[in-house]
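Shown below, as structure tokens, is a lone chain in the form predicted alone; questions about how it binds or moves come after it.
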Amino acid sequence: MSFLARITLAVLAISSMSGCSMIYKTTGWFAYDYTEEYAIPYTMKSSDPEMACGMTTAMAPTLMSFSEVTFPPDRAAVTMYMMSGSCAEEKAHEEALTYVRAFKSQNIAEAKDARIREKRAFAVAASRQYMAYQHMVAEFGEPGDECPDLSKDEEIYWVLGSIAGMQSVMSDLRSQSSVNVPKDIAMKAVRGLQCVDNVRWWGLPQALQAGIWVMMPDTAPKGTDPWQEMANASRIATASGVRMAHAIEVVIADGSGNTEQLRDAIRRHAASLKATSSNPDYRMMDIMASRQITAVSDRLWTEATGARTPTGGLGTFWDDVQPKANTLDIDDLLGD
């Protein structure tokens, strides 16, 4: 083969590889746009969390692979990793119930193994939630003293990324710090959420701030009742149809050992589900919040009775006083 022929083949090969690279880049841009404009909004509006888990878990690595040939899809990644983290949390909650049942039946080996499985699932959740937070930071910067310049369309990613950061800290603690998520993310997330409107974003900024005041009473402004602030945030959440603030109130009450507040929060959540429909644009977020509350209720029921919350029984408890059934008095039939 002549020198000129070899040069020609080399040029053609390089051109071919360059063309493929451009095709991959173009495909990646298309995939990013499709995910943000259609896939994520569709998932947010859907009502099947298992399908949403399958979609986000499958799409995340596929979409992220395009970052090898173009820029990373940080905004889409925030949503997908947050939701897939919640899916791993759901598995952890199931293992926690297995642990309680095994412990109650004195099956020590199964109880020990279930606890290990629970921690492993929480480690997966923490890793995914932390990745969601990191993608938010890559897109907008670290939450801190200054607020980023966000458009209304960008605020959702800031909100979800901040929530994921808080969740990652909590999940990591439950996994026995397997992931080593920085603990200061929690305070950064709370400060970051103060950058968005409280009513527009479902009472979340107020709920998280009140949660910090419950855990660290010395930081609360004088004369402020953190539980009342949290209840106010939950009312905003009810009106919005996205009850993530309810989940925060339940988790904080559960963690603080405030049984009365915990039961009241679960009852109010159950009542709100009957009174107010989910926001159609964020139905999945409302469902995920309700699932988190149901997980707490299931654990309480299982610890007390050995079985989870009865079907249709969210907001009730095993020791509730049952109303007396109306009985027929024979004297009413016989007359005087």
Partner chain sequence: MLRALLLMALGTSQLAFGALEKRTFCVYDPLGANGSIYGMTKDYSTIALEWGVDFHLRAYTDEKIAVDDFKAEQCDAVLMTGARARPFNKFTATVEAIGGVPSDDVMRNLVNTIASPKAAKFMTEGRYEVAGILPAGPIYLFLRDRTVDSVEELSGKRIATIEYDEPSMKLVNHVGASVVPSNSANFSGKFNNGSVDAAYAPAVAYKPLEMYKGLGNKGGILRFNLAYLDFQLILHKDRFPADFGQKSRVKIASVFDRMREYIDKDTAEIDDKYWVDLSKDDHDKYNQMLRNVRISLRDEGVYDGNMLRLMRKLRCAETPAAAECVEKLE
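Predicted model, so just to flag it, every value in this text is computed and none were measured. Residue numbers count along the first chain shown, from 1.
Not on display, but discussed next: the form predicted together with its partner chain.
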{"query": "Contact segment among 167-175, 194-202, 151-159, 131-139, judged by heavy atoms lying within 4.5 Å of its partner chain in the predicted bound form", "finding": "167-175"}
{"query": "The unique member of A123, C147, C87, V251 whose heavy atoms fall within 4.5 Å of its partner chain in the predicted bound form", "finding": "V251"}
{"query": "Heavy atom of K188 within 4.5 Å of its partner chain in the predicted bound form", "finding": "yes"}
{"query": "Distance check, S256 to its partner chain in the predicted bound form, heavy atom within 4.5 Å", "finding": "yes"}
{"query": "Heavy atom of D184 within 4.5 Å of its partner chain in the predicted bound form", "finding": "yes"}
{"query": "4.5 Å heavy atom contact, M216 to its partner chain in the predicted bound form", "finding": "yes"}
{"query": "Contact set, 102-129 vs its partner chain in the predicted bound form - heavy atom within 4.5 angstroms", "finding": "F103, Q106, I108, A111, K112, R115, E118, K119"}
